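Listed next as structure tokens is one chain, alone, in the form predicted on its own.
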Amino acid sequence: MVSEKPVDLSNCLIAHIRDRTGSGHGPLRGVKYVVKDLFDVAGVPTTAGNPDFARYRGIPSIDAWAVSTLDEAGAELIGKTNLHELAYGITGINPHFGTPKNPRDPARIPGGSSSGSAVAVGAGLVPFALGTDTGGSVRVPASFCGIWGFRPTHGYIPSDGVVPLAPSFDTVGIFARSGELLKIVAQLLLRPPVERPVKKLDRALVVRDALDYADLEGRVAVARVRDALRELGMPTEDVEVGVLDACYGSQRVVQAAEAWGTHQDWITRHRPRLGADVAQLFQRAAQLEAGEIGRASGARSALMRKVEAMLEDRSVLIMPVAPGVAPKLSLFDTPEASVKARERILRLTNLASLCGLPVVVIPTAKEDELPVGGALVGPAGADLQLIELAQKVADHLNQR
């Protein structure tokens, strides 16, 4: 059933799954897909991108909920994908299994942590894939690889059978080649724990202070999404949210505390091999003090209330996904370089992560340009409305 060393020119697969077909006759009958190697698949080791983790976790006997659900819809799982180790990084570089190759420019990073899943879709191996998004791990590689990406409202896609990193931020996310397929997969997987009445999304807010962290390509992506919405008749305005640094600061601490709590036992008792950047992040996390964690948690609650009031259940935010196009791999020769890039990118992604909001990444680059995406961030619970709005934006952009 499993080939541990598959032939994979993009280096995006950790395990190739053979002779497995979807059991159902649903809307994905015969459609092939892959999952990030955080998702349990019965009988297949879950590595989490680390050479020692599978031995600690053991061989799973049942599929992750999302895998089982897609199986019932007829989808065919063909592999488990490479990732930034333990999902704790944004570059997608993996020192143990190699780095998935960005399908648009192999000299550039694929983005992470769900790098292998994004590359598999971007390279045409499969039409859709599953990843996880804690701080931007679906959104960033979607942007860097020129494909659709979706982070749901926190808790709206069950994460049973998925290796956690920071549970109050972790989400199961989706990559797809088209907005139409993204919506089909999302409709199958979304299971809102509570029903929230969401008004029609009828106003777009360009987060002007986010542009301060963006390069030219990131600002152009925002402008293209904004102009499309205007031409579609949606009122838009520029706003200063004024909380990007605060969101980054709060999530940096709370996420680190949760990540250390998740993996502390394994790391301290089994002393696994860790990449230099991930080891550095865990070292910092282990040194956090209770007071610092408590202050960051309190700040999170206040920030969530502020952002919720700004959205009013009817607004969408337009933001860069990342500063610009994927940086060159050659720039990441030290763990400090990875951490620095992480800090810059997360200032753009952490607002949605901290507040548990849904995000859709729309590919905005033209055919002769390097990939870059624009992000639509919606109110909690507005997942399908946000995807439908993003489809309209993409259709409008394609007609130009």
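Owing to the predicted nature of the structure, the values given are computational and were not obtained by experimental measurement. Note that residue numbering begins at 1 and tracks the sequence as displayed.
Below, we turn to the form predicted together with another copy of the chain, even though it does not appear here.
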Next item on the list: Determine whether any heavy atom of G261 comes within 4.5 Å of a heavy atom of another copy of the chain in the model of the complex, and answer yes or no.
Entry: yes
Checklist line | Heavy atom of S301 within 4.5 Å of another copy of the chain in the model of the complex | finding: yes
Next item on the list: May I ask you to check whether M234 falls inside a 4.5 Å heavy atom distance of another copy of the chain in the model of the complex?
Entry: no
Margin query: At 4.5 Å between heavy atoms, is R305 in contact with another copy of the chain in the model of the complex?
Written below: yes
Next item on the list: Have a look at 226-234, 307-315, 122-130, 179-187 and name the one stretch with heavy atoms inside 4.5 Å of another copy of the chain in the model of the complex.
Entry: 307-315
Margin query: in the model of the complex, does every one of A285, L288 and G294 come within 4.5 Å of another copy of the chain, counting any heavy atom?
Written below: yes
Next item on the list: Would you mind picking the one in V222, L205, V325, A257 that has a heavy atom within 4.5 Å of another copy of the chain in the model of the complex?
Entry: A257
Notebook entry, point to check: So which of G155, G249, G275, P103 gets a non-hydrogen atom within 4.5 Å of another copy of the chain in the model of the complex?
Noted result: G155
Note to self: Given a 4.5 Å distance limit between heavy atoms, list every residue of 161-197 close to another copy of the chain in the model of the complex, or none if there are none.
What the structure shows: P167, S168, P193, V194, E195, R196
